[in-house]
Structure formats: structure tokens, C-alpha cells
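Next up: a single chain in C-alpha cells, the form predicted on its own.
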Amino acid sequence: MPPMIQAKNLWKTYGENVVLEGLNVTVEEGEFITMVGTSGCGKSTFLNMLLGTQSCSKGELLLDGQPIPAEPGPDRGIVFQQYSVFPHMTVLENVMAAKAFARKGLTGYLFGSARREAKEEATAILNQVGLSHALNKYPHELSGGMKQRLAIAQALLGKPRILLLDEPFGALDPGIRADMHELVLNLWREHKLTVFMVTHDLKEGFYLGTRLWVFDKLRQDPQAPGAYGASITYDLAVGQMGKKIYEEIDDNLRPVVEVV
């Protein structure tokens, strides 16, 4: 059996600007990968390549041994820092809409038994993410943490194998972030997900992930800052020891991955 995700000499360039270079990495199903690094070092680019909205410039990015489809699919759900919700729909309607848009056809409407099934599934997912009390509320009535729970519910409704998180908690207060951490860990275990999460918070990366990747440039040219791309310079197994490792980590690593 091939690994779930495999990058083989993966490069991503935009014209003469090299974003990622020479990535060689494998990920098994069920791992929780957190990705840290300075802004612009290719973390979100790699996430979008996993989603299928961006393609490789050179090399391969494989899912179950096959090239990742060049478009998003139900097997990959994504949650961004900015909430992707419809302001004119209730919480329940927003999640049902995610189900409708995943259907093939010209419209996003659900009728009859399909609508009843979507409503049942959406209600169950919203209960799992702690929004059962807010089914009939509108997005403007929700706190930031509640909106992010809604976005996670939308991503999970398609029953994805892979959950992609792009700095999902960066705008939340520390107390709310702690609650969201526990929610994501519980959902990861319950749904047996494989998770890739971009974060600027090194402590968050150590706490949540089973592996932590550090993206950084091994080569620099001050005269041509776009000539070289980032690679995965550290691939650390952390797991349940994450908090302890973070406290003991060499201070030389912190400036590489933390942004002031």
C-alpha cells in the first residue's frame, strides 16, 4: 500500500519566483501534520496543492499513489481563517448548502428525501461541533469561535478523509482557541481524519500535531529573493509530548517559525 500522501521532488514556481523546492515527504493516513514557518514560505501554497486548486510546477504530489485531482473534492475539506459562510442563511441552512453544492447538477437545491437527509446530517454535525443551540441563528449573531465551528461543520459534512486547516484560529482569543483545539483533536480522533494545519503559533503546532513541519529556505540570494524556494527543514514527531518538547526546544529554532 502506498502512503496516503507523497511528495516527490515537488516544486512550485510562479514565473521566476520559486516558492517551494525539492519537497520529498510521505504522510500516512490518520496523521496530524502541523506546518509552521515565516510568512510567504509556501505553507498555504502546499495546502492549496493538497486541495487541488494549485498544481505542481515540477515533481509529483500523490494521493493513494495517484496524482491529486486538479480540483477540490469531497475527500478533502478545508477551513480558512476567514469564515466562508452565507450571511443570509441560518447556521443549519449554511451547512445544508455545503451538502447541496457538493451534488452534481446545475442547481444547489435539495428536494424531498435528499433535503431531509441533508438536514439530518447537518443537524448531527452541528451537534458534534457544539452548535446545536444555534441552528436558527444567522452568522452576524455568532461569535468568532461559533463562526469557526460552523466552518468546520461545513467542511466535515462531506465526510472527508483529509481536513485542511489554514490558520483557522489566528483571529480567536486565547480562551476560545483552547476550546477549538480540544474540538479539533476530538473530531480528528472521532472521524479518523488526516489533518494538515498551517499555523503561525509554534506552541499550537507542537500541541496539536503528531508531526510538525518547519518550512524555511535553505538557500538565500539577497540580490534575487525569489530565486530559491522553501523546503521542509524540520520534520519533528511530537504527539502527546508536544507541550514538553516545546518548553525544551532550542531557542535557535523559534525565530525561524515564529512571527512577531
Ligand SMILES: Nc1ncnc2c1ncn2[C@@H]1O[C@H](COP(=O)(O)OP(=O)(O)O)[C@@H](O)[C@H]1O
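We number the residues from 1 along the sequence you see. Only a predicted model underlies this, so the values are computations on that prediction, with no experimental measurement involved.
The protein also exists as the form predicted in complex with the ligand; that form is not presented, and the subsequent description refers to it.
A.B. asks: State yes only if every one of 123, 128 and 152 has a non-hydrogen atom within 4.5 Å of the ligand in the predicted complex; otherwise state no.
C.D. replies: The answer is no: none of the three residues contacts the partner (heavy atom, 4.5 Å cut-off).
A.B. asks: Considering only heavy atoms, tell me if residue 229 and the ligand come within 4.5 Å of each other in the predicted complex.
C.D. replies: Taking the distances in the predicted complex, the answer for residue 229 is no, it never comes within 4.5 Å of the ligand.
A.B. asks: Give a yes/no on whether residue 209 approaches the ligand to within 4.5 Å in the predicted complex, heavy atoms considered.
C.D. replies: No.
A.B. asks: Indicate whether residue 39 is a 4.5 Å heavy atom neighbour of the ligand in the predicted complex.
C.D. replies: Although the ligand is absent here, residue 39 would touch it in the predicted complex, with heavy atoms inside 4.5 Å.
A.B. asks: Given that the partner is absent here, does residue 17 sit within 4.5 Å of the ligand in the predicted complex, heavy atoms only?
C.D. replies: Answer yes; at least one heavy atom of residue 17 falls within 4.5 Å of the ligand in the predicted complex.
A.B. asks: Can you check 25-33, 187-195, 40-48, 61-69 and let me know which stretch has heavy atoms within 4.5 Å of the ligand in the predicted complex?
C.D. replies: Comparing against the ligand in the predicted complex, the contact stretch is 40-48.
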